[in-house]
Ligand SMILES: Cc1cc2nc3c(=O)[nH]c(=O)nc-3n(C[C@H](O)[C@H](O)[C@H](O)COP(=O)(O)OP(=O)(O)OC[C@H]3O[C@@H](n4cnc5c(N)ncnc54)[C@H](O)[C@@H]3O)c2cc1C
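The chain that follows stands alone, in the form predicted alone, written as structure tokens.
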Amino acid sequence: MELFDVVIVGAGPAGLRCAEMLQPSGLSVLILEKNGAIGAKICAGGITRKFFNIYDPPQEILEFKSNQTLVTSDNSEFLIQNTEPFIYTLNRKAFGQWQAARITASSVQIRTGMLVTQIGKQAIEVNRNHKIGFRYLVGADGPNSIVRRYLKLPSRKRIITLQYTVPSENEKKFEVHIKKRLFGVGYGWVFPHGSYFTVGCGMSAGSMTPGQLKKNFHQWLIETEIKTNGARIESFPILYDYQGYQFGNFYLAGEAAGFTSGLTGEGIYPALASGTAIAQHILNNKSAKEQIDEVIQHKKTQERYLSLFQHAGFLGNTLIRATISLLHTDSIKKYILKGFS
């Protein structure tokens, strides 16, 4: 049986960031990725300014940036503008491969096509025929995490999403559409990516059936005259049910831990921040707790508004209109931009 100091399940942003931060230590680290390639994931690809607190990637990874976003509801709309860009899109596959290329230490290995099939207290089984021992196990394996299931943590809070990726160089505006009649506790989006754009919607599970959401989504595309040009519809779940990140010698990072925002669905920055903090925790760095606390506090702030929206009932549209009207006040707009981006 092979033995490693740290085994990381999942080569997404959280897992790769954790390994990157561990590599100067000389600890033996193994990253296991079930897919055959690094970085491929269905994703709207949106990031905000917090991302740059961790990385300053090359321009070919950042596909679009903007200093304005159109926000609409059933009865009103507002164009959020800022002097500097505050929302961006990136190419997930290119970003993942760029992250992987930053891992150069011989003490860190990345293996693809490696599906974890069983977990024990000190060892895992891969592809049903190979055992690997560990001192620490990091679950960075997304919303359907096998590590989370082993820890018997609930996964009740989920966002259901639908999305088209449409080839086009004409889309140049970020748009967020908060349509309670169509998306329940959720929203639709249009995110430009340079040579294509993503158009999709997401809602908290339980707002309506997935079938009704799909019907409403296509109705919205007709109303807004957005053409999908034969693109294939895709769906991906988002887990935001945070129950903790450390469980003895087990850790959960990114979406496997539920660090994703339940309000916006933003997951890339929380994944990077939690991957960083877990590495520092393993290395007994005292700043680890501060970083995790920052992510959790930001998440709680956004989800307090989500909870208010969920329980607003027929007053939900009034709450949305009030929020959008507050964006006309410069001081409030700055506060909201800071909190969300």
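On a predicted model such as this, the values are computed, not experimentally measured, just so you know. Start at 1 and count along the sequence shown; that's the residue number.
Keep in mind that the form predicted together with the named molecule is not shown, yet the notes after this line are about it.
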Can you confirm whether 7, 19 and 96, the three residues that make up this candidate site, all sit within 4.5 Å of the named molecule in the model of the complex, judged by heavy atoms? no
Distance check, residue 43 to the named molecule in the model of the complex, heavy atom within 4.5 Å: yes
Please tell me whether any heavy atom belonging to residue 184 falls inside 4.5 Å of a heavy atom of the named molecule, as the geometry stands in the model of the complex. no
Though only this chain appears here, would residue 192 touch the named molecule in the model of the complex if you measure heavy atom gaps against 4.5 Å? no
Are any of the heavy atoms in residue 262 no more than 4.5 Å from a heavy atom of the named molecule in the model of the complex? no
The chain here is shown without the named molecule. Which stretch in 204-212, 237-245, 222-230, 68-76 comes within 4.5 angstroms of it in the model of the complex, by heavy atom distance? 237-245
Quick check on this chain: which one of 103, 115, 151, 123 has a heavy atom within 4.5 Å of the named molecule in the model of the complex? 115
The unique member of 291, 285, 302, 35 whose heavy atoms fall within 4.5 Å of the named molecule in the model of the complex: 35
Residues from 115-145 in contact with the named molecule (non-hydrogen atom within 4.5 Å) in the model of the complex: 115, 116, 140, 141, 142, 143
